[in-house]
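Only one chain comes next, encoded as structure tokens, the form predicted alone.
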Amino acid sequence: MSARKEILDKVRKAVEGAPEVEIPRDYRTTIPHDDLVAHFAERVDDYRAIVHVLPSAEVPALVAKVTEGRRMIVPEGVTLAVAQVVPEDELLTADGVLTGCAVAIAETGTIVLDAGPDQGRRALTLVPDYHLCVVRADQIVSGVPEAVARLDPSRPLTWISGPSATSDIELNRVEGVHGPRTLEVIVST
């Protein structure tokens, strides 16, 4: 008998015959915001990310401008053009990656990726030092419970709140240890 089975058998035996208890689940699931886009942009900026908010018609020109001179990986589901696209097998030498996202959270300034066609596999957003993410305004929700409700838990999820950073060593902030040092977000309205 495994230790797991032994422990679970003991728990089952201990609660055998106990009455059912209803657990209240009335915690807050929505967070009201007057302007989700502005709140999201403010929170993303708090994380030292670069954030732009502009009409969708202006997004292609800005993407071209900020990726100029950079060798970018672009997952096949991204419809925006960049000048220098490199194949995924050049991941270690690429300057950056351009992705979309699955959902974005205004309250925390978090972007969630689910490896969809416009995001590619997880390594694409962890290895290059620059991540450019385009977020549509309709992908922004107010809080985490709304985001979780939109996500498929069977997909690999990557939650990004600002550029990669750690303060593990003597509380000194070091950026770029576990992912991109620079996160640039374009919110398309």
Partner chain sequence: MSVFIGMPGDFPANSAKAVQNSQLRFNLRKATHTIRGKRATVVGELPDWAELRAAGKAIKDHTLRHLDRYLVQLEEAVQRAGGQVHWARDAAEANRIVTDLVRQTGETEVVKVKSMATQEIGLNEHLAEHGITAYETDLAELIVQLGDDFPSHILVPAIHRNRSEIREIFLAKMGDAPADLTDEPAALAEAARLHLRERFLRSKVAISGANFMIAETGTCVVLESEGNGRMCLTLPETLISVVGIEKLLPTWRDLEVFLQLLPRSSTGERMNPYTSTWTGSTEGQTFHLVLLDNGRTNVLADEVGRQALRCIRCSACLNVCPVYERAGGHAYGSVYPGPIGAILTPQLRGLGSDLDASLPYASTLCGACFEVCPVAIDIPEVLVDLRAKVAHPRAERAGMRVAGWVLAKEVRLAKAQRLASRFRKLVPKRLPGPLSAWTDTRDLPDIPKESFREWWARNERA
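Basically, rigid core = biggest C-alpha set you can superpose within 1.5 Å across the two forms. Numbering follows the first chain given and starts at 1. Everything quoted here is computed from the prediction, not taken from an experiment.
Separately, the form predicted together with its partner chain exists; it is not shown, and the next lines address it.
- Stretch 116-124 is the contacting one of 50-58, 116-124, 65-73, 132-140, since its residues have non-hydrogen atoms within 4.5 Å of its partner chain in the predicted complex.
- Using a 4.5 Å heavy atom cutoff, none of A41, G77 and P87 lies near its partner chain in the predicted complex.
- Contact between D26 and its partner chain in the predicted complex is found at the 4.5 Å heavy atom cutoff.
- When its partner chain is considered in the predicted complex, L157 lines it closely, a heavy atom lying within 4.5 Å.
- In the predicted complex, P32 stays away from its partner chain, with no heavy atom inside 4.5 Å.
- If you take 1-33 and check each residue for a heavy atom within 4.5 Å of its partner chain in the predicted complex, you get M1, S2, A3, R4, E6, I7, L8, K10, V11, R12, A14, V15, G17, A18, P19, E20, V21, E22, I23, P24, R25, D26, Y27, R28, T29, in sequence order.
- After superposing the rigid core, the Cα of D152 is displaced by less than 2 Å between the shown form and the other one.
- If you fit the rigid core between the shown form and the other one, you'll see the Cα of E68 move by less than 2 angstroms.
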